[in-house]
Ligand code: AMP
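What follows is a single chain, given as structure tokens, in the form predicted on its own.
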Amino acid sequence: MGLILGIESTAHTFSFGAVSSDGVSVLPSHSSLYRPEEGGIHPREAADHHVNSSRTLLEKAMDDWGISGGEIDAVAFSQGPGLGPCLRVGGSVARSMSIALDVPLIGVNHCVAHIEIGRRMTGCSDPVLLYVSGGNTQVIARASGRYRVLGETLDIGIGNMLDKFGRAIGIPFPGGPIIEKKASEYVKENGPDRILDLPYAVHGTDMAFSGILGAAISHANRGEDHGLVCHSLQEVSFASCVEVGERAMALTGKSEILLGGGVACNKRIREMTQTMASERGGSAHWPDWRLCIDNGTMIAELGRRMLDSGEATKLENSAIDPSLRTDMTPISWS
């Protein structure tokens, strides 16, 4: 069985994943997460982590999959967007493997990879994507050969906002899972009805999260129960995302909505998205949480689709692009 190898290195995660060249099998990713001792992601420290992890992680992945280098048909990597130092590590590993194995190199758009692994694993065909991750918050739909950004955050990504709030109240990186736990515990004890006054920033199909971040930190600093603040923060910020997703569905006439990105692991945003889609007579989808977070398997899946469409990346065109946007990649596959 030939495989497409995928390498993910856009931010804090370095990951190898793979899919079979015929598209039948999806292999689990092997990932290593950089965790800063304090503060947020330090790009050069994260890049050092990726360098130090790469060899051992690759050997472990190939041993677990039971394959040798001769079974790799192509190497795909995240070409952007992301943190430059981190992207360069993945690109260097991918080029080295492509040359050593004499197989095609495929630079892929990280954001588009979230869409394609979601489509592959859930069976949805033409969804609106609600992309909620650390560095990005966008609502996306396919039209005229591109994945078009119909709306996006005007300041910071929702995952970044949650991490910043977490740090402000003493939660280590990544903050999202612990915020979800605190919110859930509060609701179990007190019910969901009380929500603190927080800014609700929706501008057409765009969103903003810096205002709600500052307000939530102020509530916490004034002594409000942290569980209540976490619950309120989730309810208000997630509601803005789901509203924008619904507007995009109305605008495009599409009946499917797909969640992607690390924040899509959150059970509450899934519930809210499911409720909205059901009320519209549509359907909501998301892959397993391991494929919502950054992972090599999603890079491999997009690489496979691109290779099947005759697309490969020449060495001279393989430079990383930290500012690559979702709508900058032509879509040549179905």
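It should be emphasised that the depicted structure is a prediction, and the values quoted were computed from it without experimental measurement. Sequential numbering from 1, following the sequence displayed.
Although not depicted, the form predicted together with the named molecule is the subject of the following passage.
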| query | Taking 245, 256 and 283 together, does each of them reach the named molecule in the predicted complex with some heavy atom inside 4.5 Å? | reply | no
| message | Give me the residue from 57, 47, 272, 265 that has a heavy atom within 4.5 Å of the named molecule in the predicted complex. | response | 265
| note | Exactly one of 107, 90, 261, 118 comes within 4.5 Å of the named molecule in the predicted complex through a heavy atom, and that residue is 261
| request: Evaluate residue 130 for contact with the named molecule in the predicted complex, applying a 4.5 angstroms cut-off between non-hydrogen atoms, and reply yes or no. | output: no
| Is residue 134 a contact residue for the named molecule in the predicted complex, using a 4.5 Å heavy atom cut-off? | yes
| field | residue 160 within 4.5 Å of the named molecule in the predicted complex, heavy atoms | value | yes
| request: Flag residue 80 as yes or no: does it have a non-hydrogen atom within 4.5 angstroms of any non-hydrogen atom of the named molecule in the predicted complex? | output: no
| query | Out of the stretches listed (275 to 283, 47 to 55, 64 to 72, 292 to 300), which one is close to the named molecule in the predicted complex, meaning heavy atoms within 4.5 Å? | reply | 292 to 300
| What residues of 161 to 186, in sequence order, lie within 4.5 Å of the named molecule in the predicted complex by heavy atom? | 162, 163, 174, 175, 176, 177, 180
